[in-house]
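Coming up is one lone chain in structure tokens, specifically the form predicted alone.
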């Protein structure tokens, strides 16, 4: 069979990939940025990009060239790769502090009906070439997506998915420790954790692996969603690690896992603890959150004077048993489309374009961490923040007899 233009339609895996692309695209384009670039004149596209992506040190972000080996891996394994540079102004008393940072987004590798061990192995095999590509490109710090070793099964409320949970020093950590040592790279690995020291309970945890392959520490997800299909409190509850900032060989980093991005005080706390880069490894679908996606992390970067790396998985994950979520919708077997769109945001309000909405991807950025202090000096947000005022309000709010500070118009009920 041939299509109307005489070309043979895609078959087998190619057909499946084409169908996934069509479902996840924006009018056939991988991202909003690419849609605009293809349909606007160069002059209009430049203006649109200025408004959508901002300016870094008064200039549009520049793409950076990557080694040929990275491009070859991206082509061979069909993942999107993009790279940009965030500059800072030249200083007289400090040298530039440029660090190369990477984000990986990916779909699952085989159906959710497959043996759990096979699913996990297939995801690791899929992600490894992307980590190799980051390593070849000289990435210093790399972050993977939320619960990267498994499908995001927390919609199902089926306890069997807890089998994917592992100890902090388990299989996935050991796998990444080798790569961290090989590439002299810090790797942030968000996993489903099995806490073997506390009754084998489960947490949503990010393991921070140092560039020598050592485990620097962990952070457990602070805020747990109970919205729509996201029934995560069936599996784990709010974390107990506070807001740790990990001082690595390349800079101070924090990890604000997924739903925590909706809570401004969560972002604030990582900043107060000295973070220079905060990662937001996520799993979120278009119908629920896509309008928020380009806004919240960028606002956090601005308000807290640090860089933010936002990662979202891609694809539609179909589960063997249909489920409902008490929202009136008929039972269904998938969350919806995970829209990818991973990107970086900078404290000066500039940001990169997003990765693909439907393909695996690697986003790389060179960032001069000097920009963090420069923006603090410029805007004075820390100096003008009035933390004492808000601390007092929060202290009062927590009291059982709290009354909101509302001044009522004494004539509110008087007729005219």
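Residue numbers count along the first chain shown, from 1. Nothing here was measured: the structure is a model prediction, and the numbers come from that model.
Only in words, not in the display: the form predicted in complex with a further copy of the same chain, which the text now covers.
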Problem set entry | Residue stretch of 74-82, 157-165, 258-266, 306-314 approaching a further copy of the same chain in the predicted bound form, non-hydrogen atom distance within 4.5 Å | 258-266
Exercise. Among 320, 291, 199, 328, which has any heavy atom within 4.5 Å of a further copy of the same chain in the predicted bound form?
Worked result: 291
Problem set entry | in the predicted bound form, the one of 298, 120, 194, 100 near a further copy of the same chain [non-hydrogen atom within 4.5 angstroms] | 298
Exercise. Would a further copy of the same chain in the predicted bound form be within 4.5 angstroms of a non-hydrogen atom of every residue among 50, 244 and 273?
Worked result: yes
Exercise. With a 4.5 Å heavy atom cut-off, would you call residue 184 a contact of a further copy of the same chain in the predicted bound form?
Worked result: yes
For this session: With heavy atoms only and a cut-off of 4.5 Å, decide whether residue 94 touches a further copy of the same chain in the predicted bound form.
Result: no
For this session: Report yes if any heavy atom of residue 226 sits within 4.5 Å of a heavy atom of a further copy of the same chain in the predicted bound form; otherwise report no.
Result: yes
Problem set entry | residue 214 within 4.5 Å of a further copy of the same chain in the predicted bound form, heavy atoms | yes
Problem set entry | Those residues of 385-404 which, in the predicted bound form, come within 4.5 Å of a further copy of the same chain by heavy atom | 385, 386, 387, 388, 389, 390, 391, 393, 394, 395, 397, 398, 402, 404
